[in-house]
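Take a look at this single chain, the form predicted on its own, given in structure tokens.
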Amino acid sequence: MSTPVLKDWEEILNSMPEEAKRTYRRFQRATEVLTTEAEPQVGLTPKEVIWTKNKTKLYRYMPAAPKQHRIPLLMVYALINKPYILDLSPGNSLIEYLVNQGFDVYLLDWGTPSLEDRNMKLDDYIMDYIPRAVRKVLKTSGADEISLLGYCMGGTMTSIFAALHPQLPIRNIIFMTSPFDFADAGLFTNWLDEKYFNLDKMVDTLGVIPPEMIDFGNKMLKPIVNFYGPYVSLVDRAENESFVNGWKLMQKWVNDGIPFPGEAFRQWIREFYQHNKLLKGELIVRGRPVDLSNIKANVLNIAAERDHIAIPHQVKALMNVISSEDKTYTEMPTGHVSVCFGRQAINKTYPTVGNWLAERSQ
């Protein structure tokens, strides 16, 4: 039985014009999403852990279909994300798509660093972890060659690894929204200028960089769009359950980062954003110069047209320095995150990756 107050409210609501009632329903639904609904479950494609080192794990995804391609695929993502970003939810997962296409898929999970990991450098991740993961994938799969896929910063790290290990049997490399040229990184170039940004004080003070600080910096590239836009969109389209589900996945992704080890952050900002050493051929890792021309594998280099974190010209710059004879650059009609999930990812990114890789994995 309705209470008198609720009954009065229902009468008031029923007396409103239809557009006002619809607006009320949208606000009501958006409030439910923000206050009472559980976060979406992510990373659901079945997998097993086949190797660990400290906080790092190497996953092998369980095949849902018979293996159709001989060359296994190892995925490497950015140090600031969690491993589920490439396996967001059923139907919205690049990993699930590739497993269903008959690929033998592996993922290197970096784990979640804490203060004890503040001295970890990019050198450590690139020289101690990726090579061992590659060898473990080759041994587990029984293959004599491997494909790599690096997302965002994970792609940049993958390029350095590949350049430093030309002796390893790397058949194919896919880079997704990975920056290589930092001479013009948009607003980041101004914000991170050595004249204004005291990098050493920040790292020495914090030890590890909180994920909220990284997220804030990324959102400030487009503050209105990133801080207010999602909530305006949610209210505007709250009656569209498909949109709401995608909205929750997007928010899960962007609000669920991990700390950035201080020394790796110092290296990333100073040597890449402030000095652009990678593309200049001046980057030194464990005493060895990184020469991107050592990369001879087949390369698919994917940028996102609306990406403001890895701007397309930063991504495309790789094509001029690698030695690969089979190399393709393409731009997806997406943003930095939506290149991995959502309608355009499903219709554009997934088939582009799957088809390119299938032709080169026999």
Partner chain sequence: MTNKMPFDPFAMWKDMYDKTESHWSKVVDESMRKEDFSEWMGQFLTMYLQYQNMIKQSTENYLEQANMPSRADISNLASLIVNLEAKVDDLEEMIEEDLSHQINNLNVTREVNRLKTDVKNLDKKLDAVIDLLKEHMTREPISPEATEAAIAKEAATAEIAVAKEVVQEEK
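Here the rigid core means the biggest group of C-alpha atoms that line up within 1.5 Å when the two forms are laid on top of each other. What you see is a predicted model; the values in this text were computed from it and never measured. Numbering follows the first chain given and starts at 1.
The form predicted together with the partner chain exists for this protein as well; it is not shown, and the discussion that follows is about that form.
Heavy atoms within 4.5 Å of the partner chain in the predicted bound form map, among the stretches 63-71, 290-298, 48-56, 313-321, onto 48-56 alone. None of 138, 220, 250, 127 but one reaches within 4.5 angstroms of the partner chain in the predicted bound form through a heavy atom, and that residue is 220. A heavy atom within 4.5 Å of the partner chain in the predicted bound form is found for exactly one of 235, 143, 168, 254: 235. Contact with the partner chain in the predicted bound form, defined as a heavy atom within 4.5 Å, is made by all three of 19, 27 and 115. Put simply, residue 204 is close to the partner chain in the predicted bound form: some heavy atom of it is within 4.5 Å. Although the partner is absent here, residue 132 is a contact residue: one of its heavy atoms lies within 4.5 angstroms of the partner chain in the predicted bound form. Although the partner is absent from this view, residue 229 contacts the partner chain in the predicted bound form, with a non-hydrogen atom inside 4.5 angstroms.
Proximity of residue 347 to the partner chain in the predicted bound form: non-hydrogen atoms within 4.5 Å are absent; the residue sits far from the partner.
Remark: with the core as the superposition reference, the CA shift of residue 347 between the shown form and the other one stays below 2 Å.
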